[in-house]
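Have a look below at one chain only, the form predicted alone, in structure tokens format.
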């Protein structure tokens, strides 16, 4: 069978949050593009299922009605107003995202199964500018004479798509990154996470705070409990890959042991039921600023290693990078430039200017978590000081304040109550 040939402005590999974010904003700009997706939506994606305020920001900018639609679906989306850090000594520290929240004010973040959220995004993509191929298997990716050509098969039909630019939104095992930035790939992802769905976990915060339990046995990782709709919870554990190798940790055993024996966690799972299997996935952390573009290509989301090193959240950065990628593509088309130097200025530099400090701070916080005594010290002080507790709360919305967590002077002031 002859290959069907397609010419377009942009090729996007992957229709998850990174690819969807890119597509949404290309559509707003009226730029034709082809999306090639290996799965059939709706499909599951192993994840913590927590969406930050950055996720809400990207959706609001794309279409304010979408965010309102999302929050109306209470059986699919759970608004979250804060986070609970549980120190290694078992003491919790409640951090509201907005300490001055007024009654009825919309939550800055939410939780939802990726099966639901990714499909929500996917259903927003069809447009006169968007051509989508699901259940598509990549055969080859080549670059020649300033164009990228992708060969793929869908339902027995061969296709050949050509464009001056390709967007890698295909996750931590990105074919685009491997093809064009092979020297920057690593054999193993920076961290590993396990996820399970439980029904009937008790003791949830009334404002649906997400929970991070920094258990000594998994530092600098953590055990999490995220409330979901319909009495469900996303429960999991994440830890650095190097830590697993060094300590020969069986992550599944650590997770189940916490559920069964940890004095703060086990009672809440007394009557809880596991739904489905415990599944794992890789977390490509944004611990260093790697190249995320080059001649005729851009990387977004997990393909660009943009998972937050401290929180492990990747959905917001995936959507955000897609939004910035679309803006860079507009500039490429306007100037008819698709070379590495132009893309670095239009995309890499802009991306790291927007989220680089955040990733650096999170990397430092991740390293600080190696010292349980320091974590315990800060939480103990915050329990005694309302001012300190409020300061820490503000740090999660103010990057300048959060940067103080990296400095020894911050802990010196706590020590001497200054």
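Keep in mind the model is a prediction, meaning the values are calculated, not measured. Positions refer to the first chain, counted from 1.
Another form exists, predicted together with a small molecule; not displayed. Remarks below refer to it.
If you check the small molecule in the model of the complex, you find no heavy atom from any of 54, 286 and 309 within 4.5 Å. With a 4.5 Å cutoff on heavy atoms, residue 46 counts as touching the small molecule in the model of the complex.
Contact check for residue 93: every heavy atom lies farther than 4.5 Å from the small molecule in the model of the complex. Residue contact check for residue 41: one or more of its heavy atoms lie within 4.5 Å of the small molecule in the model of the complex.
In the model of the complex, none of the heavy atoms of residue 290 sits within 4.5 Å of a heavy atom of the small molecule. The partner is absent here, but in the model of the complex a heavy atom of 36, alone among 58, 351, 26, 36, sits within 4.5 Å of the small molecule.
Screening 282, 227, 108, 164 for any heavy atom within 4.5 Å of the small molecule in the model of the complex leaves a single hit, 282. Stretch 165 to 173 is the answer when you ask which of 265 to 273, 83 to 91, 165 to 173, 323 to 331 has residues with heavy atoms within 4.5 Å of the small molecule in the model of the complex.
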